[in-house]
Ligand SMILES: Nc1ncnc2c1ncn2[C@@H]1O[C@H](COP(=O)(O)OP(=O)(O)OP(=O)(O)O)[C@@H](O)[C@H]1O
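Okay, so here's just one chain, in structure tokens, the form predicted on its own.
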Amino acid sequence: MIEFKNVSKRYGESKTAALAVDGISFTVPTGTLTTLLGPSGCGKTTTLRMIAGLESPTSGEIWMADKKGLPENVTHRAAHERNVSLVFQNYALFPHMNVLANVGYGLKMTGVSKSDAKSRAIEALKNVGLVGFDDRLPSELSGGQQQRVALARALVLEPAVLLFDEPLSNLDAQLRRAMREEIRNLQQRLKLTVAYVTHDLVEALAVSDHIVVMDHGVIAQMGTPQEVFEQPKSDYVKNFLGEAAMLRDDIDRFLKWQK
């Protein structure tokens, strides 16, 4: 569904400007969830923004499947020309609109009739477990409920690709655990193609089919959650995983569940 071919991104006109992303290549297969994992400044959010069309590569190519499932070069396509939806870290809900209006906003902007937009928005809210929340304002919702509204707003557009940028970072630990399970279950139930950005190793292990570990704009390692965690291929990956040692019990339980 998504393929990066030797993609680089440099901010600034000078050829000596630092590369935020340096010649990376990877794929996100259709119907799977691939996580871009790493600390702040590693290039993962820049990579996600290039998938979304919010940033243009300095070099390389980005390919996605078209509506017929055939590969299409979208390197220079604008964001509105790509069939993708992005769930932001801060949710970006309109505070003056109720839940139903927030979810249906994108449909309204694309010319969908008011009745169709309403029925699709209600169905999207059902998918994320928010039946009966139509008339509430964002200020009347918990953080987890706001996150679900943002997810419903992305899903209602029926995107080919769903993008998450640190979606759980504003939630407390208990709610993060519940929401990552919901995201994973929803992705599998609806067979969504997802690219997911996080700096949290446990979160990545919990939601991913594939993990891409990034280090200063390059890919340090790619593989399944088990491969990355059990067979780190560099000191950088070992050290990054080591920072999560205190969470080892959670990780071990997850790996046993996966098997």
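Since this is a predicted model, take the numbers as computed values, not measurements. One-based numbering along the sequence shown.
Same protein, other form: the form predicted together with this ligand, not shown, and the subject of what follows.
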Exercise. If contact means any heavy atom within 4.5 Å, which of 227 to 235, 59 to 67, 41 to 49, 24 to 32 contacts this ligand in the model of the complex?
Worked result: 41 to 49
Exercise. Is residue 182 one of the residues lying within 4.5 Å of this ligand in the model of the complex, judged by heavy atom distances?
Worked result: no
For this session: May I ask you to check whether residue 241 falls inside a 4.5 Å heavy atom distance of this ligand in the model of the complex?
Result: no
Exercise. Taking 88, 207 and 209 as the candidate spot, are all three within 4.5 angstroms of this ligand in the model of the complex by heavy atoms?
Worked result: no
Exercise. Using a 4.5 Å cut-off on heavy atoms, which residues of 1 to 35 contact this ligand in the model of the complex?
Worked result: 11, 20
